[in-house]
Ligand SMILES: Cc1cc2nc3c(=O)[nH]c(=O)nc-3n(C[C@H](O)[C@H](O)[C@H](O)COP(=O)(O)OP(=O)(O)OC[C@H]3O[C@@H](n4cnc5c(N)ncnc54)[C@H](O)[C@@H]3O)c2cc1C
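Okay, so here's just one chain, in structure tokens, the form predicted on its own.
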Amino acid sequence: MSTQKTATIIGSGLVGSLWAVYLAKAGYKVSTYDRRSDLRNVALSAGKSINLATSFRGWKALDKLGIGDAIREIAIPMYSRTIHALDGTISALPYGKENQAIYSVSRGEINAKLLEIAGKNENVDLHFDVDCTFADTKTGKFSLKNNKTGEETHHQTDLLFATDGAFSAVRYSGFQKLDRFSYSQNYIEDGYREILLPANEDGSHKLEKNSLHIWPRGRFMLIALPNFDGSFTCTLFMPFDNHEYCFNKLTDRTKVENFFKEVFPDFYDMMPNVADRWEEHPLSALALIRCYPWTNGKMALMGDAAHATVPFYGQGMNCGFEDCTVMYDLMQEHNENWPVIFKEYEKSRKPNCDAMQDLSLQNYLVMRDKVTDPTFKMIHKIEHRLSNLFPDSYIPLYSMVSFSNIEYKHALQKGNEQQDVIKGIIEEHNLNEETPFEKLDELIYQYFKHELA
């Protein structure tokens, strides 16, 4: 009779497939179930969904398993934001220090690669085309319905991890009916639609390849992330209604074409048939999910099932991957005492994931509006200078979030405090782009000498 430890994962998306590899590494026999078909058997193309930006926390989770290089093969480094102004002016803002980058990767491709890695592990069994219809946190019982045959089966597990996304079936069935379970689902006023900017005829990129491109327009924005085939996955974020420019006013081909000619003229020049391609991807909504507790009995919520966010800091996947490293480290620390692990996991992750969601909303304002603001540009310039002068003492907010594993809650608090101080210096001394570095350095030493000593 086998005494091998067993675990079940509902949802084999990004977090579920990675967590399966972690559990297998710890010696568990893992079964995963997903309502979708096997992505490994699907012909993927660029532009199927918002490209993801892999940064430090994500790479840490992947490298801990020795699989980071396999993902780097399908990822493109982006070293800066390239800002496209309405008048056609282009400027670049580096993300961090020299050679620091976030990486553009197709959601479908990285998911398929993680499934491939998990599927090669003899301790992992992957199952697809099944819906979870019932889950009980106390007993570990759960039910599945085969989407092809309609057959329903009933199971029981010692551990069940819900990684089945923002609208988690496990959370709905197993958690949301529990006494004193807190849950909120808040849609923001904006939605998004994707557009695929094709490559040049020779297969080259129409824009700088190693950059994330942003067309900020105050209340809305267009972004573009590179793909290996020379195309860019572009996403328009904009209000659904109640604005001069909104999705619900773009009701026909002519209105779409006029919209791009008026507010994104340089993009229209690159893609004059944009109105013809407008309907290729659906108009989608954006929501934040907050809930607590994340664990009960034999079950735990991870990734979007626990803390779905909006995509404006590129931290949804990275945060979900960090869930895996935190849970795995707790397994080692507490010798797989799961009641203790679960409580420590939710206690440590909840405030940090709340902060991550706050950062995501805050960065939307930065991307769509502030990147063109002279004060923001000066804050960025001074922070970049501070980081170069005192690399071991001063870390800008973006670098804390994207290039370190400093807890999100500490990054949010410290980063905002730092930026408030710098904003005050700019206003007090009327600093601008013409201010020489000598003057900036003098003020930096004056205001930060004690903190950076």
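These numbers were taken from a predicted model, which means no experiment stands behind them. Start at 1 and count along the sequence shown; that's the residue number.
A second form of this protein, the form predicted in complex with the ligand, is not displayed here; the remarks below concern that form.
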query: Partner contact for residue 230 in the predicted bound form: the ligand, 4.5 angstroms, heavy atom; finding: no
query: Any non-hydrogen atom of residue 21 within 4.5 angstroms of the ligand in the predicted bound form; finding: no
query: 4.5 Å heavy atom contact, residue 174 to the ligand in the predicted bound form; finding: no
query: 4.5 Å heavy atom contact, residue 132 to the ligand in the predicted bound form; finding: yes
query: Interface stretch in the predicted bound form with the ligand - options 21 to 29, 426 to 434, 8 to 16, 441 to 449, non-hydrogen atom within 4.5 Å; finding: 8 to 16
query: Contact residue in the predicted bound form, chosen from 86, 199, 169, 283 - any heavy atom within 4.5 Å of the ligand; finding: 169
query: Proximity to the ligand in the predicted bound form, single hit among 395, 50, 411, 422 (heavy atom within 4.5 Å); finding: 50
query: Site test, 96, 377 and 399 vs the ligand in the predicted bound form, non-hydrogen atom cutoff 4.5 Å; finding: no
query: Contacts with the ligand in the predicted bound form - residues in 196 to 218 whose heavy atoms fall within 4.5 Å; finding: none
